[in-house]
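In the form predicted alone, a lone chain appears below as structure tokens.
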Amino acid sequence: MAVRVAEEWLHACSGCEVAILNIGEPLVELLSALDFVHIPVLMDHKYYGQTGEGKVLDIPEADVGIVSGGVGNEEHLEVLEEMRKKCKILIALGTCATHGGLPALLNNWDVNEAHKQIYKTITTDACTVPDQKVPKPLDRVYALDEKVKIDLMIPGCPPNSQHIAGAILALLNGEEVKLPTKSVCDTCPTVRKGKGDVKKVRRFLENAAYIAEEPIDKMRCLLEQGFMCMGPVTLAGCAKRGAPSCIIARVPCRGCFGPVRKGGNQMLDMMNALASNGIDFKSVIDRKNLLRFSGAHGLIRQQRPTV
């Protein structure tokens, strides 16, 4: 008997859904064991009946539910609560769902100020929050586990397709789901000399020092080169071809898989890591931006208005 699966996207960009499709050939085999009963990005299924005859939002019952994106308005919350109600196992897919992701940068401001910061320009009239025929925004952007019980978190922006496939296979076989627990640094093959010759952090406005013809394991650690690399405080999982994805491109880790440990604070942990290595943490511009992928759970708070 096929396992019934429901999938939803909330405050999301569809990158997580593309990651599901990018599972590739193993997905073809998985599909024979799965019955997708609800997945708006790929199939037409209305919340209030196919002809709008329903009176309340309704999502079919499923064995496994997958939700991408965070919770930013009342509609997101209503859909998430219905998914929790109808699904035996609920998976938060992608960093927006697990830690707030980029949309949680809105938590720097209250709702009115956020719309003003984003939509108003010197050439527009006063900007107000829409209140007609659109879902009402919540006071901030939330990760899924702040609103409902989540059984499994698969972070990443986008998440690793192999992890998605591995998690589904484990659930189908009644096995323990195994996901990475180490940091990006633990999976990075670059050379670390540990000389402590870096005293300030440089912005990544110039190329790192490396020889293009040489393999990645010959390049010196980007943090030791003085660039802000979030590898020490970011959960591993993006590694491809033997190295983290950003490092393969010779650029610093941006922190998109969220903190290594549950409840971790990437900004605070990174500041501590810099200080412990003799690097002036005051040289970091826009420290709050280190929470660019993990600003939910109250980590990014509203800025006090300047006088």
Partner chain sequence: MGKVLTIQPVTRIEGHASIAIELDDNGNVKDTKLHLMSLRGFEKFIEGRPAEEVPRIVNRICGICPWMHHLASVKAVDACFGVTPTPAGHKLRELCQVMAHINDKILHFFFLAAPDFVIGPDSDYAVRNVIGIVKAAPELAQQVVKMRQLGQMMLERFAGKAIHPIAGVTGGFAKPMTEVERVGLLRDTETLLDFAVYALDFAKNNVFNKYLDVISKLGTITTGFLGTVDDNGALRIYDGKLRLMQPTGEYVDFPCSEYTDYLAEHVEPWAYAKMPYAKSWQEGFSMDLDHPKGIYRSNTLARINVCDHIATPKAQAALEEFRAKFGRPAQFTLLYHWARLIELVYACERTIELLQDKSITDPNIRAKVEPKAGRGVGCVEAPRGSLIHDYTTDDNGCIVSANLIVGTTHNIAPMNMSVKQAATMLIKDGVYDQGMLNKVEMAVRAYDP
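If you're wondering where the values come from, they're calculated on a predicted model, not measured in any experiment. Between two forms, the rigid core is defined as the largest C-alpha subset superposing within 1.5 Å. Residue numbers count along the first chain shown, from 1.
Quick note: we don't show the form predicted together with its partner chain, though the next part is all about it.
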*Does its partner chain come within 4.5 Å of a heavy atom in each of Val198, His297 and Gln302 in the model of the complex?*
no
*Report yes if any heavy atom of Ser276 sits within 4.5 Å of a heavy atom of its partner chain in the model of the complex; otherwise report no.*
no
*Please check if Thr187 has a heavy atom lying within 4.5 Å of any heavy atom of its partner chain in the model of the complex.*
no
*For Asp145, is any heavy atom within 4.5 Å of its partner chain in the model of the complex, or not?*
no
*Should Lys46 be counted as a contact of its partner chain in the model of the complex, where contact means heavy atoms within 4.5 Å?*
yes
*Contact residue in the model of the complex, from Gly226, Gly166, Pro103, Pro180 (heavy atom within 4.5 Å of its partner chain)*: Pro103
*Tell me which of 146-154, 170-178, 80-88, 109-117 has residues with heavy atoms within 4.5 angstroms of its partner chain in the model of the complex?*
109-117
*Go through 255-290 residue by residue and record those having a heavy atom within 4.5 Å of its partner chain in the model of the complex; state none if no residue qualifies.*
Cys256, Ile285, Asp286, Lys288, Asn289
*Against the rigid core, is the Cα displacement of Pro135 between this form and the one not shown at least 2 Å?*
no
*Taking the rigid core as reference, does Lys147 move its C-alpha 2 Å or further between this form and the one not shown?*
no
*Hey, does Lys116 budge by 2 Å or more at the Cα between this form and the one not shown once the core is superposed?*
yes
